[in-house]
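Below, in structure tokens: the form predicted alone, a single chain.
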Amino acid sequence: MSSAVENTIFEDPTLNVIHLLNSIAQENPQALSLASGRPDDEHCDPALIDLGLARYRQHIANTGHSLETLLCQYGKTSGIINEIIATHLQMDEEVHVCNPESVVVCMGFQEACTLALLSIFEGSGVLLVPDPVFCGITGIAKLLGIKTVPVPMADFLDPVALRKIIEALESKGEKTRAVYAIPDFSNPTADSLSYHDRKTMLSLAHEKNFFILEDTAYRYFRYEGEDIASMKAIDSSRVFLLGSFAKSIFPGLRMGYVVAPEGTGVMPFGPRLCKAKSLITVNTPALCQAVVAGLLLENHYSLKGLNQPRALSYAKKRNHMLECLERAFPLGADARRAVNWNQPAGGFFINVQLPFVFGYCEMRECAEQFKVIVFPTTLFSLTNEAAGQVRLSFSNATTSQITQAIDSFRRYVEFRLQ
């Protein structure tokens, strides 16, 4: 094979993270995994498919539209359930969508993100991302040839530091066109932006003329404290809302959406999003849209009730994992720990700080010799940040599996510290 073929963007580690996670699990079938961030299998109920379709059929029967045409033909590029999603966002998020055509129904978050980036970036421009960050956004940006600038998480969460980074880029002639943020319980570190910091970032977006890509994947999964308004609800004019039903219903639907910025003087991005989508997937499968729409109608446009049992279950798992970590890594005589971790108020993850570097080789060693798979946070980093950190996921493990897995992880840490 020629070097011209070998040296492509597809060799970039950013594009290999999800494949790597899957391959480690396949190679170590006996190992317990705290690496996958997928929802709990117990909450992926196939009965919801029949329920959603039945309710949507009932809804269409009252409209005079042809169900055969809606479900069996090519549909509108923007989607067939835009108004239902808009009402859902008003109900659950207090996001007021002025024009349903600002909503484009997508095949999951990844397509929503791709369409938003294609709509924003033409030619030059910089995308800012927190570091470490979910590899989906950085991988898409890499494929699209968009320059991505990683911002250390501590600076990303600090509005003053973020401003300095943007102004430093400006001094070099580089324009920030977009900032990606998961304001609630980010992947992989479970960090959140305060209400004040959300407003400050929005103000900065107006001042510096950039857009915010707001990923709301974990908003239903707060386990303590008061809800904080989404950035889209605070100020729609600077925000592309990237929504997904992967966590709030189940991933197999591959259903998401993007809501374009709206407001006085705001460029209408809906046509751009649709033109891009028409050349990528043409339209989102109508059967999946029907399931989602039916479930929203059945639940009075809200998913809060459907997700309350899930949130309670995840909260129990989070608490159990924290208790297991306390037992596994107790305070020393000096009232310090060799291993530390955060205590997130929501989401699917706990981020652990180890006293040694933990990367790809260490992950393999831990999986093969100690039969537990944990994911290096540094694999989500573009700057080798978080070299000693590990992302632990509790979402798809039972409490007994969490107990056993943390004990195995403890033995690995003790082995490394000998």
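For every residue, the number given is its place in the sequence shown, counted from 1. Definition used throughout: the rigid core is the maximal C-alpha set that superposes within 1.5 Å between two forms. The model shown is predicted, which means the values in this text are computed figures rather than measured ones.
Here the subject shifts to the form predicted in complex with a small molecule, a form of this protein not shown in this document.
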inquiry  = At 4.5 Å between heavy atoms, is Phe240 in contact with the small molecule in the model of the complex?
reply    = no
key: Partner proximity in the model of the complex: Ala246 to the small molecule, non-hydrogen atom cutoff 4.5 Å   = yes
request  = Give a yes or no for Asp131: in the model of the complex, does one of its heavy atoms lie within 4.5 Å of a heavy atom belonging to the small molecule?
outcome  = no
key: Pro100, heavy atom within 4.5 angstroms of the small molecule in the model of the complex   = no
note = Among 259-267, 226-234, 88-96, 101-109, the stretch whose residues bring a heavy atom within 4.5 Å of the small molecule in the model of the complex is 101-109
inquiry  = Which residue, Phe156, Tyr218, Tyr314, Phe210, is the contact with the small molecule in the model of the complex, using a 4.5 Å heavy atom cutoff?
reply    = Tyr218
query = Among Ile80, Leu115, Met321, Ile182, which has at least one heavy atom within 4.5 Å of the small molecule in the model of the complex?
reply = Ile182
ask   = Relative to the superposed rigid core, does the CA atom of Asn22 travel 2 Å or more between the shown form and the other one?
value = yes
